[in-house]
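Quick heads-up: the structure tokens below are two forms of one chain, split into structure 1 and structure 2.
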Structure 1
Amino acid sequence: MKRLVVILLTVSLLAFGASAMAASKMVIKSSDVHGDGYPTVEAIKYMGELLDSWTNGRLTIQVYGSMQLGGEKEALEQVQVGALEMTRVSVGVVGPIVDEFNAFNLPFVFRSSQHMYNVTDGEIGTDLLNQLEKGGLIGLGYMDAGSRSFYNKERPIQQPADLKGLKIRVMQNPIFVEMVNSMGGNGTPVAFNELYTALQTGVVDGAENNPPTIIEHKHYEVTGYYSLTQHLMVPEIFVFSKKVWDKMSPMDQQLIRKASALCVLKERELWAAKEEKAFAELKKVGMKVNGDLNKEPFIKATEPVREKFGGKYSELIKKIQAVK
């Protein structure tokens, strides 16, 4: 009898402990280089609101935007060691952690936004997200970032030869350095949180990005020409720390997955509106936009980059290209 009481007591204490653990309050910290109003930031805030309402305030997200926690490389490192729960970064900086992601970082690999959605929403996208675990990350979803084109202070880029002599900032990944070099410019890796100053002081002459980023970070103040080469279509990604994730209850993990799926859709909707608005704003703030250029010479010039960096993943690339 005494033994039975002890067993029952132990079992109920364990159960109490488990539910207390499951019920413990958690503020998920998530970083972003962009600030309030940017689609990625607003979508993560929305994800936080969903979690908050589903759990009566037990799970919430606090976004640290505007590079408060530094650049994207550091943010990923913080998430890997579990010092930060979540971050939203470009797939551009994920390639050096999980090599397969570099298939998405190759110039002219996606034909259109729809093609990119079909790839990231399908088997290939899910498979790559799962591979993030080997880098200590839990992949929660992709976000749209449109396409990236060159902008600089010197001249419009009408053909690859116009890049000659220009130092063009790229994200910290060797692929992008070679991508710019293959087109005739000088690819220079600079962390995003140092880019405005690098443009202002002439450390670089230009960079490459989407219109919302140029508007939001006022890069038009320190450049002047935007040329629609659209050479990259690099998705954004939001990831959770595997170290933290492994200590969470399956129920909470499921809630986060569910909120992530809705967050992805929210960002797409916000992105479409933001991109259209930013395109119009570029002209208003005085950027000279040349949209009418022949992409063929740029595609041709970057062929060696696709061969060199894509060689290892030629099967994966074939699969990406086969997606409708």
Structure 2
Amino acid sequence: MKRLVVILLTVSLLAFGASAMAASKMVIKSSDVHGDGYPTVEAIKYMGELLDSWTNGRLTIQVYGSMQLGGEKEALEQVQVGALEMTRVSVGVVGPIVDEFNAFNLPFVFRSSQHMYNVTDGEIGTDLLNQLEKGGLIGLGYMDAGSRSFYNKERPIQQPADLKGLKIRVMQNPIFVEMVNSMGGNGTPVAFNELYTALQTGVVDGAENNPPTIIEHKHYEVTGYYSLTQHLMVPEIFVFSKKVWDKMSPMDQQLIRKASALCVLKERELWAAKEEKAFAELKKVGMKVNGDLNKEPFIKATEPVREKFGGKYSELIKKIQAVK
């Protein structure tokens, strides 16, 4: 009788253990507006592979790309209420939560990609991510979205004066309109899905963006010159739901932090490869890429924009500029 009790107790304990394991298994849903193959999407998939490997399948990530779960704003709202575990968004979307993120939208805040990495990986970037907790978010890391430069159908942009008389499409943000205007051009807000036709019909003479975007949307077909002013380098971030996070064990939180750090490095690697390939393709299709220019006149011309829109971030900007 005692042996039977021991056997039944052992079976019960095994069943309880299996049940507990099953209960702790978690599929982290993550949203992105980009589709398969895009660096941010593939980097999150890589993060999922790491977690899957480290936990023997107990923690995994399912990426919902191509706006399956809505745009960036909608996905962020779902993460805030805990309906979605994770998402990748532009920093502009979290500006209403942590106003200082808007400083990253100012022209020439970062001197180079490496300078941006040094800022975001250091005390400044960490502090901004930590402030997201007040909005129900756990900031996990920053992703590279490349740098934005001018491309147009008329001429290479060697100095700000070369923008004179050119209508340059910008995102619908007063900072970007005045940025182009300060350099002598005519900043013209146009919806991105209307840009190809706007370039084709002369509504605008040019635009500004990164190399992969020019390739993927075939803007090289209606422009011919690309000048690497690199006036904007706006990182993106990926965040986790604090409501979900607070229910997780410290060990799982630590695993996600560790996987996030490796995810950031993977995304940068993927972005660099994608950008290199895009430059090669631009050359192949005959677009004239001008990378030999002095940025100082452009930086000087946009100083009034940083003063006007960045006044309340002046201390933060000084700290950013002090980073080597």
Ligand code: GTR
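If you're wondering where the values come from, they're calculated on a predicted model, not measured in any experiment. Basically, rigid core = biggest C-alpha set you can superpose within 1.5 Å across the two forms. Numbering for residues begins at 1 and runs along the sequence of structure 1.
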ask   = Do you think the form predicted in complex with this ligand is shown as structure 1, or as structure 2?
value = 1
query = After superposition on the rigid core, does the Cα atom of L255 shift by at least 2 Å between structures 1 and 2?
reply = no
query = Under a superposition restricted to the rigid core, does V109 display a Cα displacement of 2 angstroms or more between structures 1 and 2?
reply = no
ask   = Does the distance between the two CA positions of D205 reach 2 Å or more between structures 1 and 2, the core being superposed?
value = yes
note = Superposed on the core, the Cα displacement of L195 between structures 1 and 2 in Å comes to 8.1
Once the two forms are fitted on their core, CA shift of Q158 between structures 1 and 2 in Å = 7.5
